[in-house]
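Listed next as structure tokens is one chain, alone, in the form predicted on its own.
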Amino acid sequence: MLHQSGSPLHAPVLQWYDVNARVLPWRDPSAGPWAVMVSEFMLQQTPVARVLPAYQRWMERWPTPADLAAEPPGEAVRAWDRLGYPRRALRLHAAAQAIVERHGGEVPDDHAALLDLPGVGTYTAAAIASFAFGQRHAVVDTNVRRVLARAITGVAQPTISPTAADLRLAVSALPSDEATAARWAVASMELGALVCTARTPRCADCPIRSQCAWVLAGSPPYDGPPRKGQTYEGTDRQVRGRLLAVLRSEQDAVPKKALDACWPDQVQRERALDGLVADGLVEPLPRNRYRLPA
């Protein structure tokens, strides 16, 4: 594939991507915008290996937004299984309903219309517009931030949280041509996922190592604030996951005693259950029973 671009970073990254891109179902030309949208919701804070089986089951059951919108939201939560952060399932269900109501069941190609959908923020709107419709947008996830921080600004890691400066840098790095910009968005993200990784970057395999500001500076170590890894064991997130697992396993309402049995700490268990109810992930019923939202 011939690549035309203004930055010396573009051509080598795009050529690398042509050879090394992972074969993923939502990247297939026949997948369509809904497939891209589902994948983007699922991939938020969840690795590809965990997403793939859930994605396949989801698309087999709900190949269009209308198929999902016709089901109760609790079925979306049930199908989300153990992907984590299950509020994403409710938001995707609400987005599907909005697509049916506002856009005739078709994922809109307009960036502003995408941003107006439930659960779709700046990153997700840019990703759908770029990956599904080939538009020119800065798609800035952690991988892209890390690639640009090293290659252009010469630091080992980007800031812990995304900043306006990150977005400006990503916009400045975009190719001017729309189709090339869309390709660059996914290629730079893939480079960060496979080569320019956080802990052990494979600089010897990097197509831009000879131009990378960080490598040229001698790969100085990260000297910013401590980056704390996320814990899961013993947290309210784990308790919420246990409670939802009990509810997913039953089609009917579950008595409170069945939920009580899944976690020994009563105070933490009740706090987690209250949070699930407040988030709309669990519906309380008379006679001390609970179910996924209907």
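So that there is no doubt, residue numbering starts at 1 and follows the sequence shown. For clarity, every value in this text was computed on a predicted model and none was experimentally measured.
Not pictured, yet referred to below: the form predicted in complex with the DNA.
Comparing 97 to 105, 196 to 204, 71 to 79, 165 to 173 against the DNA in the predicted bound form, the single stretch with non-hydrogen atoms within 4.5 angstroms of it is 196 to 204. Just one of Ala31, Leu43, Ala258, Met59 comes within 4.5 Å of the DNA in the predicted bound form, counting any heavy atom, and that one is Leu43.
Checking Ser219, Gln211, Thr159, Thr122 against the DNA in the predicted bound form, a heavy atom within 4.5 Å turns up for just one residue: Thr122. Contact with the DNA in the predicted bound form holds for all three of Leu24, Tyr85 and Met189, each having a heavy atom within 4.5 Å. When contacts are judged by a 4.5 Å heavy atom cut-off, Ala129 does not count as touching the DNA in the predicted bound form. For Pro47, a non-hydrogen atom is located within 4.5 Å of the DNA in the predicted bound form, even though that partner is not displayed. Contact between Thr153 and the DNA in the predicted bound form is not found at the 4.5 Å heavy atom cutoff. Using a 4.5 angstroms threshold between heavy atoms, Pro118 counts as touching the DNA in the predicted bound form. Applying a 4.5 Å heavy atom cutoff to the DNA in the predicted bound form picks out Arg240, Gly241, Arg242, Arg248 from 239 to 259, in order along the sequence.
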